[in-house]
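A lone chain, given as structure tokens: the form predicted alone.
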Amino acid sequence: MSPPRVVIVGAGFAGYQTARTLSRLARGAAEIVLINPTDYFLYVPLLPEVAAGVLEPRRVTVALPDTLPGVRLVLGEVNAVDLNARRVRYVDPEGNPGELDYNRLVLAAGSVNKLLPIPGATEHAHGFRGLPEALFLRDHVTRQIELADATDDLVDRAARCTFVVVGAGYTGTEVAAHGVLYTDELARRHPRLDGERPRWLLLDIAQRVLPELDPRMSETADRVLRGRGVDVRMGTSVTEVRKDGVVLTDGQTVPTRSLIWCVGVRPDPIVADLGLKTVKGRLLVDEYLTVPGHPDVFACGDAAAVPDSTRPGEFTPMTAQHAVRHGKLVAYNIAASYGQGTRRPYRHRELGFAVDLGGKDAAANPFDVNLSGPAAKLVTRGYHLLSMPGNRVRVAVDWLLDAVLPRQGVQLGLLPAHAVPLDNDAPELVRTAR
């Protein structure tokens, strides 16, 4: 008799942890299949450092075959799930269809860029969710500074030296904090830009930076950003995006060639196609992370609405911290469904948060101890190194080199804008068609 097959859709934080933990628990007693568009796990929290030239791209990618022994990797994008037939259909990177039957299914497809009905946003804004987008942004920012140096048109120069970030959550705050340091360094290398410092704007409809975190962390981030010259405008967003500028909600038009879209994420569209009950686009599960009415189907990470035991009636936030815990619990509950142990409900305790602000600055509150400056930086980098399932030494070496050497401000020219559209169901992939 063949061993049971567990199919895991997605290798983000939740899917990766499910595969890793289940492989250890099963010890060959089950066939574990991981379907993912790429052959790596992406450590998303460090993407702003890739975009700012602190880290090389491969440092934030952890090879799945090297770190998931006993797990079969299938490269592909899942496009359909037949719950009645217990079958998953996918398309591989070369466009060939495939399908897999399952005994247990884990939906950990993650999330994509959240879209808003703002005219021009999908055509002109740059998303920030996957590695291709981070690489494109680094090239784009570098190019704008170089083109600003080359032009004699002062209006055009000012527009190219202006960068607008929409969304002051984790991602937007870190992108702006790292970005302003990067463009300041680039500008110093171009004599014609001497005295014309690049301008960064950080916008959000919320009343403070990092609105989802402790106000003390918000204050630290706000202070650091403003100290670097970032124009922080809370209670403000955009109403229209144009090729040569953006219109703000206060009516002001800001000439720019760079709008960086960090307004949040939404669950992968595959969730909506299942026809099951969702909460704000996330698949509803019980406290054991199983889908009601389908005991053989589990969901975790950003794709799942998991009841929050600390806030009755609410669901856990879409964070990496929760996704990792979801994934581990799903693995234990799948093992329990085959008689190995007993299933457990999802319980958690907040360990704190960390936000890297570039340079020597960070904001962190481990175990509710508020930290800023070098102490927070040490905690933040230590947290990332411990959380990464691989490449720790390489990441640490890049940090060391960045501290003692100037950054390489060059364009790689690998990705045109149409290869990383904002409206993209798979931001981890490069789109070849316009």
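On a predicted model such as this, the values are computed, not experimentally measured, just so you know. So that there is no doubt, residue numbering starts at 1 and follows the sequence shown.
Absent from the display: the form predicted in complex with another copy of the chain. The rest refers to it.
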{"item": "Triplet 61, 93 and 410 all within 4.5 Å of another copy of the chain in the predicted complex via a heavy atom", "value": "yes"}
{"item": "Residue stretch of 340 to 348, 204 to 212, 270 to 278, 142 to 150 approaching another copy of the chain in the predicted complex, non-hydrogen atom distance within 4.5 Å", "value": "142 to 150"}
{"item": "4.5 Å heavy atom contact, residue 406 to another copy of the chain in the predicted complex", "value": "yes"}
{"item": "Contact label in the predicted complex: residue 372 to another copy of the chain, heavy atom within 4.5 Å", "value": "no"}
{"item": "is_contact(residue 29, another copy of the chain) in the predicted complex, heavy atom dist at most 4.5 Å", "value": "no"}
{"item": "is_contact(residue 368, another copy of the chain) in the predicted complex, heavy atom dist at most 4.5 Å", "value": "no"}
{"item": "Candidate from 223, 86, 190, 266 lying within 4.5 Å of another copy of the chain in the predicted complex - any heavy atom", "value": "190"}
{"item": "Residues within 4.5 Å of another copy of the chain in the predicted complex, restricted to 364 to 395 and counted by heavy atom", "value": "391, 393, 394"}
